[in-house]
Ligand code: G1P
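Next up: a single chain in C-alpha cells, the form predicted alone.
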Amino acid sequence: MRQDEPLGLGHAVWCARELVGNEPFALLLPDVLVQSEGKGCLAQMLDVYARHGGNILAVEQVAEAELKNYGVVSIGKGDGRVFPIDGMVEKPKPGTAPSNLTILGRYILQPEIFNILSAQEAGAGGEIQITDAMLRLMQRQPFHALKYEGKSFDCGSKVGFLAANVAYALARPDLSEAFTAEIKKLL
C-alpha cells in the first residue's frame, strides 16, 4: 500500500482498506519503536482485545509540555492498566488536554473505521486525523486504553532514533559489553 499524498494518518489508514477488508486490524506506526522485556506491546494489546473486544489503543504518560504533539485520551475507571476511553483529542492546545495519556502509535481497530474515514474531513494540521474518525466510531463501539509495559522511542526525531539504537544495542547480550565500551570512549 502506498499513500500518494501526505494527507494525514487517517488518510493513510483509509488507503489500506482493500488490503485489510472487513476484519479487525492492528495499526503500528513505524516511527515509534516499543521495547519490552516480556510480552511485546502488540501481544499485550491482543490480550486486552481477547478480554474486551472493540478497539484498543496503547497509551503512555507524557509530560504536560509535550501533550500538544500527540493524540490524548480521556479515560474512565479501569483496572490499573486497562481503562475505557471516553474521549480523545488530537494535538490539544496547551492547558486543554483531558489527561497526560497519549496514544502511542499502536492501535487495534475495527473495520468500520474505513467507512468513517471515507467521509472524514481534514482536522488538526489540515490533515485527515485518525483521532477524529475514532471519536466518531467511539459513539458506536467501545474503546479501551492499555498502559503497556515497556519503553517507547519516538524515531520521528533524530534524538529518539539514536536513543532507540543505543537502548536496543545495550539490551543485546552479544553487543552490550562491547557497545558500552565504545560509548565510554566517545564520552
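Residue numbers here begin at 1 and follow the sequence given. Because the structure is a prediction, the values reported are computed rather than measured.
In what follows, reference is made to the form predicted together with the ligand, a form of this protein that is not presented.
S.K.: Just to confirm, with a 4.5 Å cut-off on non-hydrogen atoms, which of L29, A26, A122, L135 contacts the ligand in the model of the complex?
M.R.: Flagged contact: L29.
S.K.: When the contact criterion is heavy atoms within 4.5 Å, does Y148 count as touching the ligand in the model of the complex?
M.R.: No, Y148 sits far enough from the ligand in the model of the complex that none of its heavy atoms falls within 4.5 Å.
S.K.: Is there a non-hydrogen atom of K91 within 4.5 angstroms of a non-hydrogen atom of the ligand in the model of the complex?
M.R.: Close contact exists here: in the model of the complex, K91 approaches the ligand to within 4.5 Å, heavy atoms only.
S.K.: Consider A164 of the chain shown here, and say whether it contacts the ligand in the model of the complex, taking contact as heavy atoms within 4.5 Å.
M.R.: Output for A164 is no: heavy atoms all beyond 4.5 Å of the ligand.
S.K.: Heavy atoms within 4.5 Å of the ligand in the model of the complex: does L9 have any?
M.R.: Yes, contact at 4.5 Å.
S.K.: Given a 4.5 Å cut-off on heavy atoms, tell me which of 34-42, 139-147, 47-55, 126-134 is the interface stretch with the ligand in the model of the complex.
M.R.: Selected range: 126-134.
S.K.: Let me know which residues along 81-110 have a heavy atom within 4.5 Å of the ligand in the model of the complex, or say none if there are none.
M.R.: The stretch touches the partner through E90, K91, I103, L104, G105, Y107.
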